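Take a look at this single chain, the form predicted alone, given in structure tokens.
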Amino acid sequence: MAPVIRTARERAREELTLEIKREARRQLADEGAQRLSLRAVARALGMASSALYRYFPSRDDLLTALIIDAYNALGDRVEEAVAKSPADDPRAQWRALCHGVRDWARENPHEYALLFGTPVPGYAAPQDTIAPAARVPLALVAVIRGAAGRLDLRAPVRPLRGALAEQTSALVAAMAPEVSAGVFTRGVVAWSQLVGMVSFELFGHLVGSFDPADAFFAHTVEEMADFVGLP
């Protein structure tokens, strides 16, 4: 397949788009997502606001681009970490996934906050963000699916009823038919626990208690692996 040759104009547009997003990330770190402004980004880059609008028509378009980039960067880190783990060791894969999320978050705290912190008032994430946002949860589901038939559940799985049973059945049928509905919900609990642990550490809620959080995090990763039943 012949390589795609981009024109000078296309390369220049791509480079300026990257520069705009770099400046926007810098402003995220300094001001927070709520105060992100296209005018401020344009001013910092020495551009006219009207010129920047040709790249990102609104603040929400720029926020969406930053969110998609962040989800994909997190997904890349986690998928690479899991791929380096033994294919026949789901617990090692789970550890790699968890530590991949934590490491990326500590290296990119403002982007993590953009994904999992306080919602930006007036911003509604579009459909474009769904697939990137699903990458890490799907990696977790893949770990559980890989352990199907070998799960070691040390406590009975609570029966699911009503709306929860219906919701879970639909998700299991679409994502993990090899796994029981009860185990699937435990996987979702483990995912929310992981995000909560990282958020507690990153936003300073463990200062004065489990700080540094390395040992607590490693312990909780094993507890959640037991909860899901990973061998």
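In case it trips you up, residue 1 is the first one in the sequence shown, and so on. Since we're looking at a predicted model, the values are computed, not measured. Just so we're on the same page, rigid core means the largest C-alpha set that superposes within 1.5 Å between forms.
Keep in mind the form predicted together with another copy of the chain is missing from the figure; the text below concerns it.
> Can T17 be called a contact residue for another copy of the chain in the predicted bound form at 4.5 Å between heavy atoms?
Output for T17 is no: heavy atoms all beyond 4.5 Å of another copy of the chain.
> Using the partner position in the predicted bound form, report whether A163 sits within 4.5 Å of another copy of the chain, counting heavy atoms only.
The answer is yes: A163 has a heavy atom within 4.5 Å of another copy of the chain.
> Please tell me whether any heavy atom belonging to R158 falls inside 4.5 Å of a heavy atom of another copy of the chain, as the geometry stands in the predicted bound form.
Yes, R158 is a contact residue.
> Are any of the heavy atoms in P119 no more than 4.5 Å from a heavy atom of another copy of the chain in the predicted bound form?
Yes, contact at 4.5 Å.
> Checking a candidate spot here: are R13, Y55 and T64 all in contact with another copy of the chain in the predicted bound form (at least one heavy atom each within 4.5 Å)?
Not a single residue of the candidate spot has a heavy atom within 4.5 Å of another copy of the chain in the predicted bound form.
> Using a 4.5 Å cut on heavy atoms, which of A44, I68, A176, L202 is close to another copy of the chain in the predicted bound form?
Of the listed residues, the single hit is L202.
> Taking only heavy atoms into account, state which residues of 211-231 are within 4.5 Å of another copy of the chain in the predicted bound form, ordered by sequence.
Read in sequence order, the residues that approach another copy of the chain (within 4.5 Å, in the predicted bound form) are D211, P212, A215, F216, H219, T220, E222, E223, M224, D226, F227.
> Examine S37 after superposing the rigid core and state whether its CA is displaced by 2 Å or more between the shown form and the other one.
Passes the 2 Å threshold, so yes.
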